[in-house]
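Here you'll find one protein chain in two forms, each presented separately as structure tokens under the names structure 1 and structure 2.
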Structure 1
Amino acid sequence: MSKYRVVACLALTIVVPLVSACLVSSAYAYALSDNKQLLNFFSFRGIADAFRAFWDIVGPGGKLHPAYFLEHKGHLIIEGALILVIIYLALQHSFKVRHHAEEPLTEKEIDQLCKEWSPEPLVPSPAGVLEPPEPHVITGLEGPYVYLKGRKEKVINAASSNYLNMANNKENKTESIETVNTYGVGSCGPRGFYGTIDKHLILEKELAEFYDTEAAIIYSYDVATIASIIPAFANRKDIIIYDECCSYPIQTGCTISRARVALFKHNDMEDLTRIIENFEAEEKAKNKPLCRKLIVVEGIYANYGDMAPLKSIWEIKNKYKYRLMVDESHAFGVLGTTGRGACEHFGLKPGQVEIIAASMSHAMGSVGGFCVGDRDIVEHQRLSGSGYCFSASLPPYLAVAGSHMLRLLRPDKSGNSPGKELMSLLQKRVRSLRDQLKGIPGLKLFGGAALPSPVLHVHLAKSSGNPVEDQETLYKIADHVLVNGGVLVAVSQYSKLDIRRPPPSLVIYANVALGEKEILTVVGALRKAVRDVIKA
């Protein structure tokens, strides 16, 4: 506390009691002169008379009342005091540098401290996570082969989810080039602010017709699609239940929503029912108002490659009056009679699943994501979907690439289509690849050979018990496969923010460009790599 504050406090402690004593004494003397007799000041009557006398002095009409003071030019004293305060403040410096005993650092010392300083990471690396090696850079394409930077020979690309080879489709590329010549390479604006182009509206209309829904909406980034949809339909009052093996975008969407979130065991319908019934009992016991309730799953799980039992989940959600949201990113264009995905594969009709979302970066061979459903569900996202509202819209040529893929899937009068033939060919490649991968000693194919999923996660048959050691072994296998076998495969990588990290795995994608020759090469290279690496 400064010396000025100490003096002010002492002055108040002295002046206030003195003024109070003077006022009380004056009131008591006035009461004595009025009554002409001495009263006991500490009696009830004495206190009452003193208070009345005090009020006559300070109350309205009294000599110490502010109105009396101002009427007799007292305001001049107040104004003069304020002027003095203003002059005092105007003459003060806004900031005075305090002098310290320490000498300032020299330029050399400052430079030395800067060299020695190392910033801490914004997100510290959690224990037990291996830093991935430098990613391979693709410099050219040739059918199912790619050219990598620093390598002359082409290699088989088994690390791409270009399931129907739409990204390399000749007609698709021609239409995209024509669109670039007409519209340019980007829209440079969000959909709500001059970023909507007719190609966007055409693709949304075609998606709605393809899924036989009222409306559709497209996003410019696939990861942001499901992560924007979930918080658009849930808040802190609502309930979300999702499979523990759902990928990072779904986890992020649930976190952002701030809803009450619960995870059920992977594809375990009994656990899902148990969690729902617990919520129902809690809601009833606390007499809580009605809220929105949502179940979220993936048609094909990106982190495992297996499928959600959608028919059973649909029956449970119907029983307990929940809404169902399905991420069809890896099932769209792959499963179902017409390519609508896992919902169609399990016999669910359009409209039975309230919200369907998918990426356009896999079977469609484009970029971005979409959502289909009732018109109310779609239109709500145009104001509440953050990835839609705050991102530049999809470049027009990518929307044209999506429309091209949908036209290939659209059946003719006989029920056939080029897209249907491609999906049939893809399933042959999936069966062939799964049949041969399951027999490699030292490796274990998750989900077995019977799954129609083109996402294949291959784990070590005998884990060391340490995820870091297992992942390091898989990196060695992937490197051996590339260097000695000419095959590019991926090793699973997950966000450091993932709630549940799956075990490390090699990730292989089946696609129509891989022929039997390429599949035999992939399997042979893996077999030799496992034999050499694990024995070493």
Structure 2
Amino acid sequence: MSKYRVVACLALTIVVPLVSACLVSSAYAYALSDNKQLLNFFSFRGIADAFRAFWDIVGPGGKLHPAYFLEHKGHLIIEGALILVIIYLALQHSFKVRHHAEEPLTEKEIDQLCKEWSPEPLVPSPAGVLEPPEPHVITGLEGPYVYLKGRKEKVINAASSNYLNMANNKENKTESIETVNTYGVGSCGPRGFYGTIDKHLILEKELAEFYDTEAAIIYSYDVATIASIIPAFANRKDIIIYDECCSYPIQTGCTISRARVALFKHNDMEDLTRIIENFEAEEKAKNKPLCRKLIVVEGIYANYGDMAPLKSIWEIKNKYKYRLMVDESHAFGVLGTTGRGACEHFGLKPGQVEIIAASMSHAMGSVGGFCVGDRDIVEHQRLSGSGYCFSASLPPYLAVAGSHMLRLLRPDKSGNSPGKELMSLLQKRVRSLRDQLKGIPGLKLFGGAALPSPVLHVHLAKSSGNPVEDQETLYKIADHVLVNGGVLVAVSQYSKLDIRRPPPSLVIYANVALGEKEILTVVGALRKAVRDVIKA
């Protein structure tokens, strides 16, 4: 800065005297040329004359007046100067005062840095972390029993969410095998590129009819279903509110969408209202345009086994004009009079919930997922649901298995259907399982005995306070149950990616194939295992 100041001062000290000298001498010359009296600076009149003479030159009409200068091509000089200024400014990178950039790294320095950098290992070392036991390998099925590798006698399978026993249904298998024989196994292409097989269209139509909605869409995998649907309906500008106990697919869907996300306390309607009102106030204050708003809940929470109070959620959603999305994975084919799931259970009519999604790998006994809703909702996913567009479609035989289950649930003219009987049988099993599991000392059944949910999470009654220790105890119990009681139960396992790890639990799924006798065995084995393990 100081350099500039010095230059400016120098310029001033040179230019100002020069100009004034110039002016005075020219005034002199003018006066002389008129043969007037020599200017006398020492009298008042003389000074006045000098001023007048000066004014004649500099004032309007004078030769040094700007107007004279401009009229005689002087404007060209000024314009030229202005152009130079513009060019100079245009050549500047920015008009901001630039800080001196640090000197860029030399190639040598970068080489050195690259040499010095040592990355973390690709995966953290497993030392010190509780090693989950190897999963049991199933080698065969027989009703509710499975054969495990390394064990001669069959064991009861209480770890599959095969609620209606569709996956082992004989007719269903025959149909699937027929489909495999004619269509092959895979579909070898995404839906857009000749991967749409008539079996898919049939299943979609049947699903839409079953749910009494305009359309349905099927995905080829359960975790990819919701994780693709949510990003199709929300982006940066939009709002998603979901229950804090929602499972991983919903969490990842929200992350991928990059929407503004908020979590409400599990099944706490006041908290939901509070969060919505916060959002409303914020939107109003900033005067933002209307954005898409979504509430996401699960009909039956996979990680807890309890249900969302859909009726009150629907009322709130309707009041604040949010769209509601319900993950019916565990409730579909289980709850409601026709098996439509938790929405029906709570008396919501088709169409009242905008987006219903579910996995096909539970009651349906297949693999994959689906979503039902208005045509707008569904057609939008066909172009925007990344798991739909960019993935190979469902193997046709799995779609056929889905259709088979829906056909069973469809009521005949008298309103009865084989599926309905299966569902009431399942409810009976759930009640009896829940009733008996509730009474086991040392264990605590989440949600209590009255829940109609077929997902049973059993926690330790007295937690040690350390989830890893609890987990270890549960592994021991599960092992004991298998070895001594001949029952396969699951121990919940959560990824480090889950935002919230539910407390460790034993997971038991009700199943129509598990008869009263088997339920007694399950409960007896558990009771014994808890006694032995916790005492030991």
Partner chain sequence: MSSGDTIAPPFFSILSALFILSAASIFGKIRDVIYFLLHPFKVKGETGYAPIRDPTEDFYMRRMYGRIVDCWNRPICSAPTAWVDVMKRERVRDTTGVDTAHIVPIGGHTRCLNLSSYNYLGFAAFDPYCTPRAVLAIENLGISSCSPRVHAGTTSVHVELEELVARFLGVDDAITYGMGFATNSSTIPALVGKGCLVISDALNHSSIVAGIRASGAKVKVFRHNDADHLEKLLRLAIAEGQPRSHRPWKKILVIVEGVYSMEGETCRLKEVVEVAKKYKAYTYLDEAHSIGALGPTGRGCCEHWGVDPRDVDIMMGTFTKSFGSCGGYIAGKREVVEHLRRHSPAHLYACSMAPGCVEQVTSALHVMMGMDGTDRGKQKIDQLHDNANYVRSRLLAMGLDVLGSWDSPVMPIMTYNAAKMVAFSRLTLARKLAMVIVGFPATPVLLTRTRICISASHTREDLDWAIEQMEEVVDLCMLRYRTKALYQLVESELKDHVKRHFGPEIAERATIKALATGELDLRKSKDLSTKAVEGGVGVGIGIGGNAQQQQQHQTQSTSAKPKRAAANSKAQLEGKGPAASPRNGETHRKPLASVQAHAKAFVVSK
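Under this definition, the rigid core comprises the largest set of C-alpha atoms superposing within 1.5 Å between the forms. Residue numbering: structure 1 sequence, from 1. Here the structure is a predicted model, which means the values were calculated and not measured.
Only structure 2 of the pair represents the form predicted in complex with the partner chain.
Core-superposed comparison between structure 1 and structure 2: CA of G439 displaced by less than 2 Å. With the core held fixed, G80 shows a CA shift of 2 Å or greater between structure 1 and structure 2.
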